[in-house]
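Before any questions on how it binds or moves, here is one chain, the form predicted on its own, in structure tokens.
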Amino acid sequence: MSVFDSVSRMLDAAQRRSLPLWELVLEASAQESGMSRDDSLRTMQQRLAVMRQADAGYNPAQRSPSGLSGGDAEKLRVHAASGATIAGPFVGSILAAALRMGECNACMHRIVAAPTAGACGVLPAVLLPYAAQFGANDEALVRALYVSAGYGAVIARRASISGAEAGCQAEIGSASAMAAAALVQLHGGTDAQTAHAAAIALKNLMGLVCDPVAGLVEVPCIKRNVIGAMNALSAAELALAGVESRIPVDEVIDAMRAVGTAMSPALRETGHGGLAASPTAVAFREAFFGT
């Protein structure tokens, strides 16, 4: 059985073999994909590079084809730079980065699905500002990405990373759990703390529905990337402080799967429930698609 069938099995394997968690995930990923260790590393480095390119290539003047999104990240960047924020420049940079990536996705830029396109802003929004704030180098960021990938693999196998299958909890929730674990790794936390952070992050977003307006990955998806990033930061801080999840992360993942199964189909990316069914959303859909 793969180490990615459960977090507990993954962490036990790392401890038993005296391997850093990121190294275990790298090894297992390379083996599963048929890559060499060096090729796997190069692939992950490329994904980090694409995250950076998408962030740097953001155009505040560009709007999505629907006109629903674009330009908001620049508003947040200006606000964060003004010194008038409630939470300060570091948090402001995370908020802006999450919006930038979500808007880039809506405007058809090249992004990294992490784990999905709709949740593409969460990981970059915590990793890139963290690197700028704390001076983390690319090697540290790549290692954090492997840790996040390990958690993403477990969630995908035990539950789902698809909004159509299990609601937005499976997309933004999964991305937030992955980002929380990555932050703990980056900040020198233990393997056990990465698990607590992932569990806390996933619990906080359990039950989140997938209700995209007009079926487009814009409203409310882009702003949910912001929530996912801030949730990841909060969960990581809690875990690093020694706060533990009372429910083990594997059980949290199983609970998310059960919630997704019980969720009405109208709340799973069909565009028939939640915000997608609001009068404003219906009017937009009819005007945009002519139906």
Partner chain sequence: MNVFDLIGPVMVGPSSSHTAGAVRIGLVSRKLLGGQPEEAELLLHGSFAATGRGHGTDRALVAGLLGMEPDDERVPESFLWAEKAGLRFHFGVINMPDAHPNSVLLRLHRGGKELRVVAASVGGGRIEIRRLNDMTLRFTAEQPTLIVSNRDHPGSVADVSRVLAEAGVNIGTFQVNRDERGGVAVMVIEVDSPLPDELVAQIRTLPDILSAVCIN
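Bear in mind the structure is a predicted one, so any value in this text is a computation, not a measurement. Numbering follows the first chain given and starts at 1.
Note that the form predicted in complex with its partner chain isn't included here; everything after this is about it.
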Its partner chain in the model of the complex: contacted by all of A106, A114 and A149, heavy atom 4.5 Å: yes
Location of its partner chain contact in the model of the complex, chosen stretch of 191 to 199, 154 to 162, 78 to 86, 92 to 100 [non-hydrogen atom, 4.5 Å]: 154 to 162
Contact assignment for its partner chain in the model of the complex, among A266, M35, A258, V243, heavy atom within 4.5 Å: M35
I172, V184, L123, A166 - the one with a heavy atom within 4.5 Å of its partner chain in the model of the complex: L123
4.5 Å heavy atom contact, K223 to its partner chain in the model of the complex: no
Touches its partner chain in the model of the complex: S234 (any heavy atom, 4.5 Å): no
Contact flag, M51 vs its partner chain in the model of the complex, heavy atom cut 4.5 Å: yes
Partner contact for V217 in the model of the complex: its partner chain, 4.5 angstroms, heavy atom: yes
Contacts with its partner chain in the model of the complex, stretch 16 to 50 (heavy atom within 4.5 Å): V25, S29, E32, S33, M35, S40, T43, M44, R47, V50
